[in-house]
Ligand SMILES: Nc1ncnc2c1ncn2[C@@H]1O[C@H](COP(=O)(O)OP(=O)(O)O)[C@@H](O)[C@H]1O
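Next comes just one chain, in structure tokens: the form predicted on its own.
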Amino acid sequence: MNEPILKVENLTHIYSPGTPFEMTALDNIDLDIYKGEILGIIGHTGSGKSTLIQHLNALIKPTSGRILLEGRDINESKQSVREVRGKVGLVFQYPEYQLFEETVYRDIAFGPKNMKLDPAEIDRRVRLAARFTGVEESLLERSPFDLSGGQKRRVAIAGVIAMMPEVLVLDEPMAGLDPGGREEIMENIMTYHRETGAAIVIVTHSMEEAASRADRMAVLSHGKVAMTGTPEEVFARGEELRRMGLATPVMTDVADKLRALGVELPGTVYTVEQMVSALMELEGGKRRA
């Protein structure tokens, strides 16, 4: 694998140090994020996921350790902080609550304007980001507050994408949406990934979402990285995940129960497609026997 675009080294973050409320949210974390990959970050509530991603574009600073963007410490100067915020885009949970401009166009244009881009480039980026996120052109001059919840979510994500980040970080991007809306917006994000080669970091509670989308996964537990690997490698350690209080994908649970009943399913199973394939392979093997 190439050199990581973002490298987290020995990252520790302590809230309210030296007070009775002192809490270690991150404890000596190391994590690499590579160009063009989709990294899923999973962990139970309070595991440190949100604290970690807020470090990735210098929203908060480490107690100790550092974050490197293409080899450079993102907190070393005001200039490096400005640079990282143009290259690492962060979409918070329920980002639609951060909409504030009079029109959809102006909301999407807010980031590019702050980057001091010329009007023609701002316009190009607004329309490109709208296309990536499925925001119809007819909505650009409407107030964002007149839109549906799903449309507001798209506009908010478009505002980050308009900055054309090389790393797009999404904190529970599908929270509160119906299944159809979740799938549509996720496909929009995947289109941005395919067409730009940007790295995508998805923080999620949904094991199915992580299983079906991620190239690699990082599991956080009590402020530490408990494991990393491909979805196949991570979900093969289902019992460890359950001990951390994490639900494994439904198909992993089904596969474990079938194996407990004596069904010899081949390989690691964590998606519906893999289950169908495993059962067909099993049936084919029986026929050949």
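One rule holds for the numbers: they count along the sequence shown, beginning at 1. These numbers were taken from a predicted model, which means no experiment stands behind them.
A second form of this protein, the form predicted in complex with the ligand, is not displayed here; the remarks below concern that form.
Residues of just one listed stretch (240-248, 225-233, 50-58, 28-36) have heavy atoms within 4.5 Å of the ligand in the model of the complex: 50-58. Under a 4.5 angstroms non-hydrogen atom cutoff, the ligand in the model of the complex lacks residue 62 among its neighbouring residues. Among heavy atoms of residue 44, some come within 4.5 Å of the ligand in the model of the complex.
At a distance threshold of 4.5 angstroms between non-hydrogen atoms, residue 272 is out of contact with the ligand in the model of the complex.
Interface residue remark: residue 23 is counted as part of the site for the ligand in the model of the complex, having a heavy atom within 4.5 Å.
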